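This document opens with one chain alone, in C-alpha cells, the form predicted on its own.
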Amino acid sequence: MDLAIMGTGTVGSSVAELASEYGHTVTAMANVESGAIDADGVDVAAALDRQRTDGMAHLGDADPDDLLAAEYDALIEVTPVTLGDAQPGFNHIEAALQQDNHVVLANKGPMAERYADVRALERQSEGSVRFEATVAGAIPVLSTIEDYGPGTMTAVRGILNGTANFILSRMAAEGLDYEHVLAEAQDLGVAETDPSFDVEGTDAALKCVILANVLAQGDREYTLADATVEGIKDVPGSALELAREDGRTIRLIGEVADGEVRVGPRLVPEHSELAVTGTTNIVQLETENAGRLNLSGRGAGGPETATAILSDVGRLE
C-alpha cells in the first residue's frame, strides 16, 4: 500500500523507516515546513537524514500542503494533538477522505474532540478511518474491542500515561517527592520539558474519551469536556507511604463506565494488575461473556506506536 505520512516527528519517522518491512511504500511525507513526494517511492533514509542534519525545512523540495493531493492509498496522520477544533489534523482527514483514501491516526485530537464529524466524513467516502495508535501505543486495545464487539464491553479502565506512571511508581519505590522525580523523568526523556499534558491527566483523558466514543457506537458523542479529570501534581509522598503501609499504592487510573469518563489518582492493591511500574501501560476490558481481559505493554515510543499504525494499515488491505 502507498502511504503519505503527515508529520515526521518521532512516530512519523518510525513509520517511514518501518513501512518497507511491512510491504508498504512511502510516496509522500511532510512536516510543517517541507515535504518529499515521489510516486515511485520516497528515499526515506535520505529525507530523514536531511531533516536530522539540516533541519525540518530540508526534508524535501515539496510544499507540505502538496502531500494531500499526492498519490497514496492511506494517509498516516501523526501531527501534534490539538484540542477544540482539532486542527489541522481534522482538515487532513477531510481532504484524504474526500479523495476516497484511507486514514490511519495516531493524532488523538480528531477522535477525542470531533468523533462524530470524522465518522460522518467516513460514511461519505470510500476510504476508512482507523486509529489504534491513539490509545496505549503498541497495545492492541481498540482492535480487541472491535474483535469482541463494543456492545459486549461493560467498562474499560487502566493506566494510559507512561510519564505519570513512571513518576508515581518512582515516588512509591524510593520515597521521593513529586518535583524530584519529575526532574529525573525530564532528564531521562520520559517527561517533556512542559509535562502538563501528562501530569494533569489530559493525555489519559483524551484516550478514555476515544474509548468512550468507541463503546458508545454512535449513541452519544464524548469530548474532553465530558471527562472528570484530576492529575498527579498534588499527590504527596506521604500519601504513597500511607498507602504502602496498607498494602496499596497510588496510580493515575482512567476509567470509562456507566456512561462516564473519569481520570484521577486511585488507590490500588500493591500487587494487583493495575500496579504496573515505570512507563508500562495496562488496560482492563470488562466484558459480558469473557470476564476481564488485561492488556499491557509499551504505551508510547516511536517504533512501538508505528507498529500499531502499520498494523492498522494491514487491516485496510
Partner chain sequence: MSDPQDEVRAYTVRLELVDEPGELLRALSPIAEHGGNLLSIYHERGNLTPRGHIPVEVDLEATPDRFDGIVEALRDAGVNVIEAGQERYSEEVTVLLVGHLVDTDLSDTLSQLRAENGAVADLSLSAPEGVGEPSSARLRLQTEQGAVNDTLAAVRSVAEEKDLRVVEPLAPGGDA
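Numbering follows the first chain given and starts at 1. Computed from a predicted structure; not experimentally measured.
What comes next is about the form predicted together with the partner chain, which is not displayed.
- Contact with the partner chain in the predicted bound form, judged as any non-hydrogen atom within 4.5 angstroms, is confined among 264 to 272, 34 to 42, 47 to 55, 63 to 71 to 264 to 272.
- Proximity of A239 to the partner chain in the predicted bound form falls within the 4.5 Å heavy atom cutoff.
- Contact annotation for E245: at least one heavy atom lies within 4.5 Å of the partner chain in the predicted bound form.
- A residue is said to contact a partner when one of its heavy atoms sits within 4.5 Å of a partner heavy atom; R157 meets this definition for the partner chain in the predicted bound form.
- Taking non-hydrogen atoms only, P195 never approaches the partner chain to within 4.5 angstroms in the predicted bound form.
- Although the partner is absent from the chain shown here, G231, D234 and I253 each have a heavy atom within 4.5 Å of the partner chain in the predicted bound form.
- Contacts between 292 to 317 and the partner chain, taken as any heavy atom within 4.5 Å in the predicted bound form, involve only R292.
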